[in-house]
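This document opens with one chain alone, in structure tokens, the form predicted on its own.
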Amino acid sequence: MVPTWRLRAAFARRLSDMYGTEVPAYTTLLEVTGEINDEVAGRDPDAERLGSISRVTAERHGAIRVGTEEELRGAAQIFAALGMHPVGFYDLRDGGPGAVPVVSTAFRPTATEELDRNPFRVFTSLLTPSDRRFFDAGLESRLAAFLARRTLFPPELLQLAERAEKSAGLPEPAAERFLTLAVAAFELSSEPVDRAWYAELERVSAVAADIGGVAATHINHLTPRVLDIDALHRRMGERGITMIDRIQGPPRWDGPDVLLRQTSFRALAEPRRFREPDGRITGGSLRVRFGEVEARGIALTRAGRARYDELLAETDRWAARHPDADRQETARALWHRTFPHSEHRLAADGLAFFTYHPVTGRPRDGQRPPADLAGLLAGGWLTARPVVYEDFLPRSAAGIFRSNLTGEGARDDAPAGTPFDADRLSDAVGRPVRDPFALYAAQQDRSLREALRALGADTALRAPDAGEDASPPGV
């Protein structure tokens, strides 16, 4: 048997090889990422604090887009065969000018040991044709008819995926067939694109055209992880590859790295064949796929995430009042004034997730452990290791999407948007969409209980903010 995690690792490798063939600049991105990771690992003794170099090197996240709930359920079945579950709800429809008509989730492993083996993720977006801010009733009807005529995932692939999920793997021959079919399902289609239909959807949104204007889905980007994203952003430019204007997410500063920072090279013109209104097949190009790279930090609690959102809003307000100011410098100054400068402070204030580990073997002169987390940390009873952020940021994702589009599209803000939340997305996926905060909190609480038990301390102690229900906007 080829177990689930090996299927996942093999799929990620093969997808990366395929995408590098289709988008040569992606190979350059991998080369530069590898160079920088080696350099950081050689000079920084804490380079592996948020994951081993072997994990970081293997780490990828892909992105796909689908048009219907049936297509989403098919994708979910394929990812389930790889031990990947839907985590998090992201609404990218409300990002101001250039908002895109999709809601999204990320399929990824959820168990710590599975993430350590291979943390492959696929950010998966579902088109929302019923949202009248983007699509009128007539366009929705025609879009539904177009999508109903295509089949993204062949029955044999879905059958093998169901078998793999039930058996936690596949025999070697079946595994090979499954991987071959799965990678092929995400290749760029060679079928001609209906130029008029694609252009009509593109006037609404380039993302809508990329989903509903072609015969198949495809990998939109495939993202490696880098240990110094600022160096990568500069070095890619030195290689002659045009990057987007700025890195999305928190600023670079001298405090703890948190959440997620992302950048990408701009979408490149890729040759495509088009079907003209008179039936002729002509040549042309589309700009829809790009090369993204990410740097991951510490997972924030709900309180920490609320603090991040406040800082983001304050940066926006300052930038609006001072349009000539450097946004990164503004954000950095705000972070220095209001965000904790150490992991210890993040843990004691309940702003980030950590796993906790007992410090044993030290003479304590009969002392009992303190009854609070801050005291346990300050007194050297516990050590805290940061939990890596495994998920995404709605605003950053929308920012990456928008920065690589050919136009801002059109959105009518007069109609109400179609209501969509995690529960509705769960119904669409056919599987529960898991709350990322709950996953991090369970990992943290489990480690804390085990550490307190080893110290003979009160195991009822909880880390601050580990289980509150309030959720920041967009999650």
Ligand code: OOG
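Numbers follow the displayed sequence, beginning with 1. Being a predicted model, the structure only gives us computed values, none of them experimental.
The same protein has a further form, the form predicted together with 2-oxoadipic acid (OOG), not shown here; the description that follows concerns it.
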- Note on the structure: Contact with 2-oxoadipic acid (OOG) in the predicted complex, heavy atom within 4.5 Å, among V429, A63, A441, A47 goes to A63
- Task: Report the residue, out of E202, E292, E343, D257, that has at least one non-hydrogen atom within 4.5 angstroms of 2-oxoadipic acid (OOG) in the predicted complex.
- Result: E292
- With the partner left out of view, is F265 within 4.5 angstroms of 2-oxoadipic acid (OOG) in the predicted complex by any non-hydrogen atom? no
- Spell out, yes or no, whether the shortest heavy atom distance between R108 and 2-oxoadipic acid (OOG) in the predicted complex is within 4.5 Å. no
- Does H221 reach 2-oxoadipic acid (OOG) in the predicted complex if we count a contact as any heavy atom within 4.5 Å? yes
- Message: Residue-level question: is A161 within 4.5 Å of 2-oxoadipic acid (OOG) in the predicted complex, judged on heavy atoms?
- Response: no
- Query: Would 2-oxoadipic acid (OOG) be touched by all three of F89, F420 and L425 in the predicted complex, meaning a heavy atom each within 4.5 Å?
  - Reply: no
- Candidate stretches 55-63, 433-441, 25-33, 412-420 - the one whose heavy atoms come within 4.5 Å of 2-oxoadipic acid (OOG) in the predicted complex: 55-63
